[in-house]
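Read the single chain below, which is given as structure tokens and is the form predicted alone.
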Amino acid sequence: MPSSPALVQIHHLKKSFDGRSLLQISEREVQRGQAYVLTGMNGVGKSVFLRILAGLEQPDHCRLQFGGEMHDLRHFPRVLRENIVYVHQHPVMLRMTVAQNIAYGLRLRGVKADEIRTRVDAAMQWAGVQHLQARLPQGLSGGEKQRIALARAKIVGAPLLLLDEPTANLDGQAREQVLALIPDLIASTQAVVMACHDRDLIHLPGVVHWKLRDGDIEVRSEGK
């Protein structure tokens, strides 16, 4: 039986800074039903790679195939903005309550108010932040903000989820709480790409290990 087409196909991604080549990725695919961890030394471009895929950083050149159509990432189209969600290493919190932060993506997509309330309640319960729903972001801990950001990402159901160092600034219980959410987050979307150094994420079962080195991505292993 032939395999299903990739969710995303990346073609000739190039990015330079001040005349120095940072990324030179000829071809890479993100398969449906698969999670990836992207590792590499600090400064090699892991976050830049994710930000290009999310439309937050302009490449010198990159064509991306999604939904049977080819798109030039120098002119990021709306269809990709609606289907790719990026979670920052330092989560961006809007100046509104926790519940409103989590609901934000659904409101942008025109979801009805009753459905938003139902889905936000479920997302807050999943992330363990129900008790924070009326709080403003000021004063929340890093772990609380990360769980809120993951709930906000999960709730919209985008096919591709990009996580930039989801546990990098956390330790102790906060890190464990975020780690506990990742497997279910992976199971609830079509594909996840995580830039990280966290060995617990790198060694999650079934995860494909990508390593960014010398501007290109090497496929290292699955679940190792």
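We number the residues from 1 along the sequence you see. Remember, it's a predicted structure, so these values are computed and weren't measured experimentally.
Not pictured, yet referred to below: the form predicted together with a small molecule.
*Which one of L56, A168, A180, M41 is close to the small molecule in the predicted complex, taking close to mean a heavy atom within 4.5 Å?*
None of the others qualify; the residue that does is M41.
*Has each of P159, L160 and D184 got a heavy atom lying within 4.5 angstroms of the small molecule in the predicted complex?*
Verified in the predicted complex; spot residues all out of contact, no.
*So in the predicted complex, does any heavy atom of Q34 sit within 4.5 Å of the small molecule?*
Output for Q34 is no: heavy atoms all beyond 4.5 Å of the small molecule.
*asked:* Given that the small molecule is not shown alongside this chain, does T189 nevertheless sit within 4.5 Å of it in the predicted complex, heavy atom to heavy atom?
replied: T189: no contact with the small molecule in the predicted complex.
_Taking the small molecule as it sits in the predicted complex, is L64 in contact with it (heavy atom to heavy atom, 4.5 Å or less)?_
No, L64 is distant from the partner.
*Any of the heavy atoms of L22 lying within 4.5 Å of the small molecule in the predicted complex?*
Yes, L22 is a contact residue.
*Segment assignment from 172 to 180, 45 to 53, 65 to 73, 25 to 33: heavy atom within 4.5 Å of the small molecule in the predicted complex*: Looking at the other structure, the answer is 45 to 53.
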